[in-house]
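Coming up is one lone chain in structure tokens, specifically the form predicted on its own.
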Amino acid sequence: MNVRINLRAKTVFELKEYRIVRYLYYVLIRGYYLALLLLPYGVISLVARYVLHPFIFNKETRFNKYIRSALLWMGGGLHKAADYRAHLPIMRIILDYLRHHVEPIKNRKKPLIYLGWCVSPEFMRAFDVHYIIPEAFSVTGSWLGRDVSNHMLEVLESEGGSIESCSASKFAAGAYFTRQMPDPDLIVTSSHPCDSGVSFYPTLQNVTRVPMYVLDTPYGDDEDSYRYFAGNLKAMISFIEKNTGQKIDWDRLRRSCEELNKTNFYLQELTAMTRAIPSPVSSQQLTVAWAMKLMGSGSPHLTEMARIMYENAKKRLDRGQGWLREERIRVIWWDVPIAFVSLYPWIEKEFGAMIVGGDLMGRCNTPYVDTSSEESMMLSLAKVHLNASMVRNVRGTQELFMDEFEQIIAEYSGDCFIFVGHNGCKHGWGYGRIKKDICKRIGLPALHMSSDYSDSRNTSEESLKKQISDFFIGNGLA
């Protein structure tokens, strides 16, 4: 029997069951998807730039809170008309993903799996199941405004959740306790990337009382480590087969991996293009692409999104044009992005600053998946999982983090470095002195802030903007 904790009486804020997913699915995402289908992209661009852009940019108000965060995540009205073509497959990915929430709410016909964000969903495509990524609520939940986001976090903290833990995990637990997602039949997760995230899942398993499988992450970065993890993936497949009564469809997995290879080709090219001066790619695009991979890895819609982004960026690159009319600052942001409000459009608009090389999430250098046999797929997918965004940097030795940091500094011609200091990333703080020493040795101006990925209570949007503004001005960059 599932255990449900009743928290309604403990909070003044009232959040109805499944409010987030219903609003996103039936109103925001579907409405925007229909607008993209019915209106020319030039009209969408004009409306976003001249009507919505001033309405959403400065701050959250009671008039814009239900659309502001989502629109900033989608570029904040800074896209050119051609770039809005990529939004159509993006909306399709989100709608397909939200169906995994909506259909079990209406009528449970398939097993529902809670999937840790470090487990790629292409495996779920090889089974006839629904899947939900609990941590994804830390992004999508923010699209209803900060009252909703803060409520999720306060709900968990009222039950004894640690304030020091990753807010993405706390947000996910708050979403469960406030009944924003249906109960699972299984939980599948991993022991990476960090202790903060890993500690969340035993709690979730304890209250749901369903079987859980945890992929055991090796510390090393060699062939033996990859073979070990491939064995874990095979055991995960057996676990899903045993608890769903289904057999994996290897052909479906192969097709998903082939699609993933196509997607990653375009995203790797986009990441590399940010080396150009001026950069023809907004890092907001790379961060959005990462979020879409989280929801729809192996989807042809994901490949279509990446292809459109790539082709538009390639045209700008060939013409010597940048994403911005005038690129004035190149920023290395070797940390997670901010989820409760996307700062990249504001940085681009206010300072002509471009994030280059991607952030810890958006940077793509995913290994190719060899689909020639079942064994080769398992070994390749082990490499994909252990080299995923952020995972490749924080699961082992400090060299995994710092070597790539120095590579980006050398290759992407940054003018400065920004570390946002996510509260839950203890490993990131642990590397702080090493990063400061590297920046000092190279002569790269560095800003070290204290913030939180999903929690605006830690450091407000206004405070983050002031710190960045003062940093740019104080170092003669703006």
Partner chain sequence: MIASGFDIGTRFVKVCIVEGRNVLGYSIEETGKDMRRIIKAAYKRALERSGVKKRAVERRMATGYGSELVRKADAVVPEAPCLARAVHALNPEIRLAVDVGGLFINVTGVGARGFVDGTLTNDKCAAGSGKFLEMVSETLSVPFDSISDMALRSNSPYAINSQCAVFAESEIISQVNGGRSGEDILAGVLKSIVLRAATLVERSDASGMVALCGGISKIPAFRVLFERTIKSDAYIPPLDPQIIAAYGAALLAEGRAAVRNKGSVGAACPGHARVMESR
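Positions refer to the first chain, counted from 1. If you're wondering where the values come from, they're calculated on a predicted model, not measured in any experiment.
What comes next is about the form predicted in complex with its partner chain, which is not displayed.
**Student:** Candidate spot 272, 330 and 368, all three in 4.5 Å heavy atom range of its partner chain in the model of the complex?
**Tutor:** All three within 4.5 Å in the model of the complex.
**Student:** Work out which of 312, 387, 243, 203 lies within 4.5 Å of its partner chain in the model of the complex, going by heavy atoms.
**Tutor:** Selected option: 387.
**Student:** Given that its partner chain is left out here, which of 163, 105, 277, 235 has a heavy atom within 4.5 Å of it in the model of the complex?
**Tutor:** Among 163, 105, 277, 235, a heavy atom within 4.5 Å of its partner chain in the model of the complex occurs only for 277.
**Student:** Pick from 78-86, 135-143, 263-271, 168-176: which stretch has a heavy atom within 4.5 Å of its partner chain in the model of the complex?
**Tutor:** The contacting stretch here is 263-271.
**Student:** Quick one: does residue 415 come within 4.5 Å of its partner chain in the model of the complex, counting heavy atoms only?
**Tutor:** Result yes; residue 415 sits at the interface with its partner chain in the model of the complex.
**Student:** May I ask you to check whether residue 192 falls inside a 4.5 Å heavy atom distance of its partner chain in the model of the complex?
**Tutor:** Output for residue 192 is no: heavy atoms all beyond 4.5 Å of its partner chain.
**Student:** Does residue 293 reach its partner chain in the model of the complex if we count a contact as any heavy atom within 4.5 Å?
**Tutor:** The answer is no: residue 293 has no heavy atom within 4.5 Å of its partner chain.
**Student:** At the 4.5 Å heavy atom threshold, is residue 444 in contact with its partner chain in the model of the complex?
**Tutor:** Output for residue 444 is yes: heavy atoms within 4.5 Å of its partner chain.
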